[in-house]
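So this first bit is one chain, no partners, the form predicted on its own, shown in structure tokens.
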């Protein structure tokens, strides 16, 4: 562990040595030059060919390192995301860290009854309001896959719910270019028009290649649209080590890095200087159960590698935190979610999603979400580091108190004790006081906080004209798709 700067102080963890970073970069460039990629998109293939990539008789495209270097030089080193009110909220650069929920879980785990059921629109709206209310969650995603709307309208409806139930910045999922266009139009309606949205983006778009080494039409189509409109975007594979990527951490990093760099090259050829988020994830295949698992040590090591590479490339980073393979909000979920959150922060990952995922992303737990909000609060306090200015070194206070005294009545204590970390869920009473207050466990306190938010919290509403325009965009999309 070494000390590094985060707003002037703090701790940071580095996974790779400078030599290892250069080795991985070189290996990824070899993959692009010697193995190549399959690009299922004519415009992207033409951009690559015109820029100097080689295409063989079978259609595989081989990308020279010079194109990678050019793309890295043109991509911006920082991205600012704004909230719905037009205020800058996330500064994605260096080792700044931000946390948010995930998208498209299949199952909603009711925090009060334990029932597992498909997500309804009302469940998603409630979950989004919970994220908006929690002070340490920085951005929202769609939370759950809606079961009560036409499947062709799921991503559009999810986005409308995000706009209506939170002011926080967003990361969005979209199945195709048309969906992205409608999402962009809805965001513009909420923020003062398309030019204002391009200048002050409120969302980033999540795209994926198909591992190994394929660029599917839909993902590339969205990538190009994002480049045209300067929508911040990633091109991040969801690796399954041992299946879609090599079984070793280093092998997965090499391939995932090659896929991300390939997406970056296409993106920058389309519009040099457009904002791009660098990252990918790994859910290794457990060879005993044949399940892709979250939050295992290999996944944490991979995220450390990607953060080190992102800084090497001077690109903002995209990763994971607060998620688990557990099937319930239990001890395993707490251990895995907390460990990923702490390590991700120390790795300096800029934008970390999937807080609240359990069952490796199939199920969403609002209890884990609320707990992780407090974990993030603890982590951020640690990231602030230690102030060693003269007043904090407290030599004069030590002199005043002297041998055998105590600091309870000293002015230094009175001046600084309110700076100590305090959570609103953790209990620091002695046993008798805790018992007198009802012996409430952390789980009970979490559910009480959830109930309070669900019953009382309301986000800043959309302007009525904006809400009507968003509803009209949804209605027109539904009519168009039905036709």
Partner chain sequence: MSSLKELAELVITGDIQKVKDATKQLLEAGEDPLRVINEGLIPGINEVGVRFKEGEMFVPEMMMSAQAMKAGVELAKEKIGGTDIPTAGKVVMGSVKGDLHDIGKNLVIMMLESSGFSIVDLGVDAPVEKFVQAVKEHKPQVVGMSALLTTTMPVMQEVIRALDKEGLRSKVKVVIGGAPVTQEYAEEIGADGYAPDAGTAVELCKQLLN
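Everything numeric here is computed off the predicted structure, so don't read it as measured data. Numbering follows the first chain given and starts at 1.
The form predicted together with the partner chain is left out here; the points below concern that form.
For the chain shown here without its partner, which stretch in 311-319, 241-249, 347-355, 197-205 has non-hydrogen atoms within 4.5 angstroms of the partner chain in the predicted complex? Selected stretch: 241-249.
Between the options 384, 178, 86, 216, which residue brings a heavy atom to within 4.5 Å of the partner chain in the predicted complex? Answer to the contact question: 216.
Just to confirm, with a 4.5 Å cut-off on non-hydrogen atoms, which of 133, 72, 106, 397 contacts the partner chain in the predicted complex? By the 4.5 Å heavy-atom cutoff, the listed residue in contact is 106.
Each of 40, 290 and 362 having a non-hydrogen atom within 4.5 Å of the partner chain in the predicted complex: is that the case here? Every residue of the candidate spot has a heavy atom within 4.5 Å of the partner chain in the predicted complex.
Is it the case that residue 151, even though its partner is missing from this view, gets within 4.5 Å of the partner chain in the predicted complex, heavy atoms only? Yes, residue 151 sits close enough to the partner chain in the predicted complex that at least one of its heavy atoms falls within 4.5 Å.
Against the partner chain in the predicted complex, would residue 328 count as a contact residue? Criterion: heavy atoms within 4.5 Å. Output for residue 328 is no: heavy atoms all beyond 4.5 Å of the partner chain.
May I ask you to check whether residue 127 falls inside a 4.5 Å heavy atom distance of the partner chain in the predicted complex? Residue 127 lies outside the contact set for the partner chain.
Residue 342 near the partner chain in the predicted complex, any heavy atom under 4.5 Å? No, residue 342 is distant from the partner.
Contacts with the partner chain in the predicted complex, stretch 259-276 (heavy atom within 4.5 Å): Sequence-ordered list is empty.
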